[in-house]
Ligand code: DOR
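In structure tokens, one chain follows: the form predicted on its own.
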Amino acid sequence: MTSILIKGGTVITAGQSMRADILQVDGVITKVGVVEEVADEIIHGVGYLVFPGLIDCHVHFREPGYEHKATMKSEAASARAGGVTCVCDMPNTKPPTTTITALSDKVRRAQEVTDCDIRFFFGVTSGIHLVTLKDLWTSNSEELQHFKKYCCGVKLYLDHSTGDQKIEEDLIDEVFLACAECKIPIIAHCEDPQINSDAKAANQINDVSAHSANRPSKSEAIAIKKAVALVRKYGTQFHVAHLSSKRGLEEVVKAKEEGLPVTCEVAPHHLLLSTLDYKTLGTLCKMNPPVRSVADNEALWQALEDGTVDCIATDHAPHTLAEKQEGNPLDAPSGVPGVETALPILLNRLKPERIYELMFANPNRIFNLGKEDLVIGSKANIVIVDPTIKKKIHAVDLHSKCDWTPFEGREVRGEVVRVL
């Protein structure tokens, strides 16, 4: 029997933070409050924040097929260093997660990773994938029920992004209906393909900043509006991935005011980076959807603070520096790493209780992840954070295989000192 006692930390739980001791015995929390027992190890937690293991509900760990960029093992280490112990991985790998065979292969790989709980979104781009999804969700097969436990929902790409997983246009309505009937949450990359196509054709700029003009905020807003119309029609649980603009936010607000089951997430790069950063970062701030204006940054921060935004999800999407920096900048792959740096970025501006909602309680509920809070009887991971540490982000200190960050040199607050 092994026991660990955390003395006097500030425990962040549902609706409150409280000064308390936590006793963990053989990985199970046995006491929360004043603990007088002697333990094998005592961690002096005064001045520290104590969170349940955080959740990042939008990552690309690249395995299988792109292990030169990242692996489940390398990115799980990066996640854990940032206090994240559960992630939801996207289907645009090689092969894509659109078959039971591909899902089972990912589950097998994930079971070899011991420091992070990796779940998977199932991709749908054609009719056969939807048939497979229904089987996965409704079958009494013991094998399929096992794989379903690792599947947190469906990912739809309403326009092309990395991996070319855009759904067939005439299938979208059918997917929303099926997911409503089977109670499967949908997360969608919301950009309108026609608006993007028209914007690219009209744009005369050739440098990397053209990327934002080629995928304007109107595209995001229209795509969200169309998706919400289907939510209204069928009652589907719908989550907007990486919300990037004030215009898109306005569509989410309307849906919420109507009482529709619509939620959303924001990535740290859409909070901190803008079109002004193309000048210094170039392709290192190229992602889909693209960076927007400073006004969009502030609108998203305000929505985080007032409770409109449900989740922080990093869209952690590593590429090698060589891939980012060679050739035509507009052809460089889109995506940036971020799973390890999210927590210190948020601690600069948000209260710990709000971070708990954004990176634990809400994603846990929305995607039915079943993660346990810091309560007696739970096997929850415990993340201990020193909020007083001020530091600068440097790629050399991070654990992602890609070895770079768009936040190089940025001053942040807080550091994970232990994960149990």
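The structure displayed is predicted, hence computed values, not measured ones. Numbering starts at 1 and follows the sequence shown.
The discussion below concerns the form predicted together with the named molecule, not included here.
Engineer: Checking a candidate spot here: are 51, 341 and 343 all in contact with the named molecule in the predicted bound form (at least one heavy atom each within 4.5 Å)?
Structural biologist: Spot residues vs the named molecule: no contact at all.
Engineer: Of 278, 157, 176, 120, which residue is found within 4.5 angstroms of the named molecule in the predicted bound form when only non-hydrogen atoms are counted?
Structural biologist: Checking each option against the named molecule in the predicted bound form, the one that comes within 4.5 Å is 157.
Engineer: Though the named molecule is not shown, can you say which of 297, 288, 283, 165 has a heavy atom within 4.5 Å of it in the predicted bound form?
Structural biologist: Partner contact (heavy atom, 4.5 Å) among the options: 288.
Engineer: Select, from the options 220-228, 146-154, 315-323, 193-201, the stretch whose residues sit within 4.5 angstroms of the named molecule in the predicted bound form by heavy atom distance.
Structural biologist: Among the candidates, contact is made by 315-323.
Engineer: Find out whether any non-hydrogen atom of residue 335 is located within 4.5 angstroms of the named molecule in the predicted bound form, and reply yes or no.
Structural biologist: Heavy-atom contact with the named molecule at 4.5 Å: present for residue 335.
Engineer: Check whether residue 242 has any heavy atom within 4.5 Å of a heavy atom of the named molecule in the predicted bound form, and answer yes or no.
Structural biologist: So residue 242 counts as contacting the named molecule.
Engineer: Going by a heavy atom distance of 4.5 Å, is residue 92 a contact of the named molecule in the predicted bound form?
Structural biologist: Contact with the named molecule, yes.
Engineer: May I ask you to state whether residue 98 is within 4.5 Å of the named molecule in the predicted bound form, using heavy atom distances?
Structural biologist: Result no; residue 98 lies far from the named molecule in the predicted bound form.
Engineer: Any residue of 34-63 with a heavy atom within 4.5 Å of the named molecule in the predicted bound form counts; write them all down in order.
Structural biologist: Heavy-atom contacts within 4.5 Å come from 60, 62.
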